[in-house]
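One chain is shown next in structure tokens, namely the form predicted alone.
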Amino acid sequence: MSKSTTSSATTANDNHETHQVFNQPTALEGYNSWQSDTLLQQWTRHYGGGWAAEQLTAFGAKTGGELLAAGFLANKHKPEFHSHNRFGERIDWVEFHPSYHQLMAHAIESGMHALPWNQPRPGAHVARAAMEYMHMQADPGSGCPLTMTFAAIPALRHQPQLLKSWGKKIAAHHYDPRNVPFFEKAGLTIGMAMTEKQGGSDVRANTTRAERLGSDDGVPTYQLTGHKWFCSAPMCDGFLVLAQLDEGLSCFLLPRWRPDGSKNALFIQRLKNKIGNVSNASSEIEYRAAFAWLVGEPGRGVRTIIDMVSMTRFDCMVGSTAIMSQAAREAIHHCGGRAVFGKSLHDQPLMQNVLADLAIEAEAALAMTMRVAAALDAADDPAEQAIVRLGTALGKYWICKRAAQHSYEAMESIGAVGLMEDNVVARLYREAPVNAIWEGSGNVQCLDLLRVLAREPAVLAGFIDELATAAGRDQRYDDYLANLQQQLADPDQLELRARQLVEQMALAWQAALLLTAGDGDVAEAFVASRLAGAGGLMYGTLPASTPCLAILRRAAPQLG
């Protein structure tokens, strides 16, 4: 296990210095995010992404180095909205700190936003998830426009002409933040705007209306009038949005500039003042007869945009997994360079229990996330696509919810220093609720999963088959699986019990993945504490038999 060294002492002298600074760990910085993370390497290789090791090594050199500093700057200097220029012209411009553009440029020039589209081979989604995981640890906020840009491609496939004209630039390794028309750029970014004040997650309550204009190269064109309560990354070049037609809610691609080069009638009202994700600009906007192209069939807007949303929901899993991993590593590193009550925190049995519990939770999240990424890679396999539909809802619910308590416990392990804004765990704690709420909150995920199970019984059957691959390895797991099957077979008050069922399904799946492909000590501790009731409600309640030190050595950042 890596052990951070104590910072250099300062000797009291005639310059009125009052004390020596000692018993303080070094900062966890200046490392390679890929090479230092043995767990990320293991699960990436296990699910077929090992071929990208050279790309991931180069990517990790930046995300664990200079981009960590850029992340702090991008969160310190929040985006600023400028409605007009000095001549009184309406510009709707959001100004970002240069560090934000540094983060965006690195990710796009490295291909993180489009790797599976540009390198369609087994393990591509896994490799891209590993890149995103590392980027999110440098700065989660800039991950928002990156994931929407990535996720736009599946939705645009519903309108081949738009995919042809926009897709190549969306997937290009070229970042251009200028406020100029899309046709003047070599690379484009894409945002999304669905939510309205009166509806929230109930997008069918949207009131924004679309009126037919004509057609552009065979694609129907419309003008949209209405509002969006949340529009993230309003400086993107285009947005997938929902609006009402006579046929029902429909999907549109709305560019920031019209095809004739004039400013589109998209007006930013204000930027949201968020608790987290502050390097990313989220806004309230109005459309006043704004130009847009129809994507997909009229009245099929939800079905069209869900191909984008399912990808962004998966990225919420990746983001929360990254938060938990970074929080655990920060806590382990800090405690390796800190002594209390006469010995290192790493040598304190109770602290070992807490840190090992945090490490187990983070690895279980990583295993589930990479398993869904592997299923995304198997686009032609119906069984794997069933895993995508079910697994994304499970992971979006469970992993994203666990991140908040997990990041708090890591912050407490570090102590009062962890509350300071110049400590990354403070940002992780503020960031943790975002992924749980955005792209459909916990209840939405549970209800979506119930709908999948009701409409596609084969999806549940395939999931149970996957859980069965771990049967016979641990009697406690077998008993838990049998009980879960009984609960799933009981139709009584399914919606009322939905959260309980989703939690049980998530825990069973994480246990199965750890038992079949993970470390024996981690799997044993997970089953004992999560399935067999040997652990408590708080982190740090692992059974006394748990080899905590071995688990910590496995999870610690490898800095040598």
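Residue positions are given as counts along the sequence shown, with the first one as 1. Since the structure is predicted, the reported quantities are computational estimates derived from the model, not experimental observations.
Not pictured, yet referred to below: the form predicted in complex with a small molecule.
- The contact with the small molecule in the predicted bound form, taken as any heavy atom within 4.5 Å, belongs to F230 out of W93, F230, F182, Y408.
- Checking L447, L460, A265, A105 against the small molecule in the predicted bound form, a heavy atom within 4.5 Å turns up for just one residue: L447.
- Interface residue remark: A151 is not counted as part of the site for the small molecule in the predicted bound form, having no heavy atom within 4.5 Å.
- None of the heavy atoms of G226 is located within 4.5 Å of the small molecule in the predicted bound form.
- Put simply, S282 is close to the small molecule in the predicted bound form: some heavy atom of it is within 4.5 Å.
- Contact annotation for S110: none of its heavy atoms lies within 4.5 Å of the small molecule in the predicted bound form.
- Comparing 190-198, 151-159, 256-264, 173-181 against the small molecule in the predicted bound form, the single stretch with non-hydrogen atoms within 4.5 angstroms of it is 190-198.
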